[in-house]
Structure formats: structure tokens, C-alpha cells
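Look below for two forms of one protein chain, each set out as C-alpha cells: first structure 1, then structure 2.
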Structure 1
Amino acid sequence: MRFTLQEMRTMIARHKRWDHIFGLVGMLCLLLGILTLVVLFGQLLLQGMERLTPEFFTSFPSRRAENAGILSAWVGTVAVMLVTAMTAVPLGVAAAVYLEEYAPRNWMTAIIEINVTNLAGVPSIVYGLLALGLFVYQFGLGQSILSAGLTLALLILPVVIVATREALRAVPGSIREAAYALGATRWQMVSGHVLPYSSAGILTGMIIGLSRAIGETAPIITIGALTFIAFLPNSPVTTDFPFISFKWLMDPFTVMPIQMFNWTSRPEEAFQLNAAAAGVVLLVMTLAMNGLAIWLRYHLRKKIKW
């Protein structure tokens, strides 16, 4: 079937028109998502602006709304997220490297891959019930920061594994073949070439998982997070050798979403303003994590030469 020159030009113009339409629709969808986030953030900011004072960050919760703060909540959030990151990231990356680079292609590996993918969509409350029976009762960790961190680590572990595997797959096979051709072992190839080239994608997956974990409430409530706490965990730094203490891991805790839930459940309008201010802080923490990931990804990509 032959086309004349005019027919080919008409066909190309029609395809270009559809390209422009698709690009316009995609841009509108992007702007809609960004506009929704800006409106919600602006609404919270307007409601909670008067409460965003230094005292709000350095005060404990109180039964009086004007004296209440988020000191124990944001400290607990940082502590829990630290445990989550230190647990989920090494395990997730190691599991992804094994599945992608070392695991044999058989029925057992296929079952593992299917289960990992399915676990990424399991409701968070299920992880909370699992952690309640495993970490709180079976292992005797109690309602502690360690239990909460391990619970959220289980929650985001499938996300980290899937994202890391996708980043590893994006590395061209020629990189692996070149490393093998020069006599490198499999571990030398993975550690010296595949992981550095995929580090930007792995970092993105890590931040996506941590951004989900920082706003989770259901699994934290399930394992017994406190809704009102007027003290801080033990300090990780001590004056005695070895100057590091891990007692804080077993301390009770609260986190930002729990504190917001406590305030929004109260009928007084002043507590609603506190919840709005805490929501602004939580959004800023999440956006800061994502901004750090973008900055690190940009600098990592600049250092890599394909």
C-alpha cells in the first residue's frame, strides 16, 4: 500500500496533533494535582498560622489548647523514622539485589516475587495487627519506639524492594557484560557498577517509602502509641563511655499523626487550629524529605558518566 507525499504529510500532521493533545492533557492533570496540594496546604497554613510559634515546637501537649505543643510528637516521629529507615533500607536493597542479580529463575523465586508485589498493596492496619502479635507480644518489645519502627519498616519494605528492582533493571546489560569481560566477580560487578548507576532510582524508592511511613496512623495506633505524652525518650547520647545509649528504643512514644488525631477529636476550635498547625509541620517534613531526595538524585546523576 503506497501513500502519496500529501497523504504522508497529512498523516504526520494528524499524529503530531494527537501528541500535542496528549501533552496538554498530561499538563492539565499535573497542574490539577499540584493545585490541589497547594490549596490544601494553604488552607492548613491559614488556619494554623497563629500557632506556628517557637513555643509550639518546644512545648509538650496540654489540656489547654493555647499551651499545647508538638515537642514529644515531632521527636517521636524523628526517632521512629530513624528506626524505620535503618531497618527497611538495608533489608530492602539487599533483598532486591538478591532477587535481581543472584536468585535463580525458578518457581520458588517467582512465588517470592509475586508475594513481594502483593504485599505492597496490603492495608496498613494488617501490618499493625501483625506487629502487635509479633513484636509487642511474641518478642516482648512492648509499646516502644522499636516496635513502631519495625512495624513501619515491614510496611514499606515491599515498596523499597520493588523500587530498587526497577532501578537495577534500568542499568543496561552492557555494563554487566563489560565488568565480566574485565574479570570482575558478580559481587564486584554489583557493588562497583550496578549499585552506583542505580543509586538515584534506589534513593527515590526509599524516599517514597519513608514518605508513606511518616503519615501512617493505623498501624501505630494498633501497637499502642500514646495519644498524650508529656515527656521525651531517653537521650541517645550519654556522658559515660561509650557515650551512646539505646534505652530510647524501648521508651513509649507518640508521633505527629497521632497527635493530630487527638486534637481533631476534640470539640474545641482551638484544638482544631493546633491540628492544622501540626499538619503544616508534617507536610513540610514530608516535602523536605522529598526535596532532599531530589537534590541527592541530581548530584548522584551528575557524578555518573554512562
Structure 2
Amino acid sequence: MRFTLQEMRTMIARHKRWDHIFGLVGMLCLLLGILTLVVLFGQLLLQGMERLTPEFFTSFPSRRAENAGILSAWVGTVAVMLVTAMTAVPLGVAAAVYLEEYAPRNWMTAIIEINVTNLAGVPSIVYGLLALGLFVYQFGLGQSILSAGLTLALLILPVVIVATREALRAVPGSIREAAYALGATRWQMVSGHVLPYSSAGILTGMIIGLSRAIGETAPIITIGALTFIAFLPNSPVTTDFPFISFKWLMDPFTVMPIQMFNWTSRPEEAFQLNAAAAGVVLLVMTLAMNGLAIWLRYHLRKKIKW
């Protein structure tokens, strides 16, 4: 088949037109997603602005909307996140290292791998029900910071495992072979080379997991934390020997999303402003954590020289 020059030009122009059209549609899709977030954030900010005072962060919840604050909520969120990170990261990283570096390639491993990926998609409320039966009643941990932290750790464990495995896979096989060639054991190879090189990816995975956990409401409500709390957990540092106390782990608590939920179900309009302000704080917390992940990834990657 032969085309004249003119025909070829119109054909190219037509294809280029489609190219532009797709580019435009793609951009619109992107804008739609971002604009929704921006509008939502803007609306929350406008609504909650007047409540975002220093006192808002240092006051306990109250029945008077203008005196109510998020002190117990943000302290609770930080404490729960601490427990979550302390549990999910060692467990998740160890599981991923085993799966990636140690586990034999057979059908058992294949099943476990598929299940880990599937677990990441299990609705969070299911984890809440599991935790209610297991942690709260079976282990007798009650509605404590420890229960909530462990629940959220379970929830983000698949995320941490998947991210860690991706990071481990990005380390070239030649590094492993070089370590073996020098007589390193598998553990020496993992701890001395693969883990340090993949730490950027692992940290990113951990923080993405934690930023999912920080906004979770359903599993925490399920374990029974929808509660008015106007006090702080016991301090982790004490004046008497041994100066460190773990009492706070067993304390009742509330977290940011639950405080918001509580305020939105109030009859008085003024509480809606508090909920909006708490929403802004929660969003900023999440965005800050994501920002931290990007920053860490950038700086740790710079250090690696193959």
C-alpha cells in the first residue's frame, strides 16, 4: 500500500491529535484527584481555622465546644503509633527477609506470599474483630494502648512486609554473590549488606504503613475505644528507680480519628468546627509523615554507592 505525502501528513496529524487528547484527559483525571483533596482540606481549614489555637492542643475534650481540645487524642495517637511501629517493623522486616532471602522456593512459600499480599486488602474492621477476640478478651489486655497498638500493627504488617520485600529485591544479586564469595554466611550477607542498602525502601514502607494506621477508626472503635477521656496516660518516665515505667501501655486512651468521630455526632453545631480543626491536624500529621518518608528515601539513597 502506498500513501501520498499529503495522506501521510493527515495521518500523523490525526495520531498527534489523539496523543494530545489523551494527555489532556490524563491531566484532568489527575487534577480531579488532587483538587478533591485540596478542596476538602481547604474547606476543613476554613471551617476549623478559628479553633486552631495553642489551647486546642493543650486542652482536654469538654462538653463546651469552645473549651474542648485534642490533648488526650494526640497524645494517645502518638503512644499508639509508637507501639504499632515497635511491633510491626521488627516483625514485618524479619518476615520479609525470611521470605526473600531464606525461604526455599516451593508451593508453601508461594501460598504464604499470595496470602501476605491478600492480607493487605482485608478490610480494617475485620482486624478490629480479630483484635477484640484475641487481644482484648483472650489475652486480657483490655481497651488499652497496647491492644490498639497491636491491632494496628497487625493491620499494617502486610504493607511493611510487601514494601520490605520490594526494597530487598532492588538490591542486585551480584552484591549477594560477592558476599558469599568472600565466605560470608547468609546472615552476615543480609545484616552487613542487603539490609543497609535497602533501609531507605524499608523506612518508606514503614512510614506509609504508619500513615495508614494513624487514620484508622473502625478497628479501634471495635476494640471499644469510643470513649470520653480527659486525662493522659501514665508518664513513661518516673522519678523513682528504675525511672522508666510501662504503665502507660495498659492505660485507656483515645485517638484523633475517634475524637473527630465523637465530635461529628454531637447535636451542637459548634462541635463540627472542632471536628474540622481536628481533621486539619490529622491531615497535617499524615502529610508530614509522608513527607518524612520522601525525605528519608532521598537522603538514604544518596549515601548508597554501588
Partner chain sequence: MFKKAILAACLTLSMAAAAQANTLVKIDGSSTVYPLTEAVAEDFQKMKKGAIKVTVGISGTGGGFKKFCRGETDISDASRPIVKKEMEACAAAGIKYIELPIAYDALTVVLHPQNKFASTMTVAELKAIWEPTAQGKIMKWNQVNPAWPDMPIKLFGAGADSGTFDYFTEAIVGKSKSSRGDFTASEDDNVLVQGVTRDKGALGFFGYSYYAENTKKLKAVAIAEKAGKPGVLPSFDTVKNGTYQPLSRPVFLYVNAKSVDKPEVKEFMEYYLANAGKLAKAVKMVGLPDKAYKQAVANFKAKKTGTGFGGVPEVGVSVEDLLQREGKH
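Here the structure is a predicted model, which means the values were calculated and not measured. For numbering, take structure 1's sequence and count from 1. By rigid core we mean the largest C-alpha set that fits within 1.5 Å across both forms.
Here the chain appears twice, and structure 1 is the form predicted alone. Considering the chain as two rigid segments that shift between the two structures, W187 sits in the same segment as I156, judged by which superposition fits each C-alpha better.
Two rigid parts account for the change between the two structures, and C-alpha superpositions put the rotation of the smaller relative to the larger at 16 degrees. Core superposition places the C-alpha of L35 3.5 Å apart between the two structures. Taking the core as the fixed frame between the two structures, we note the C-alpha of H20 moving 8.4 angstrom.
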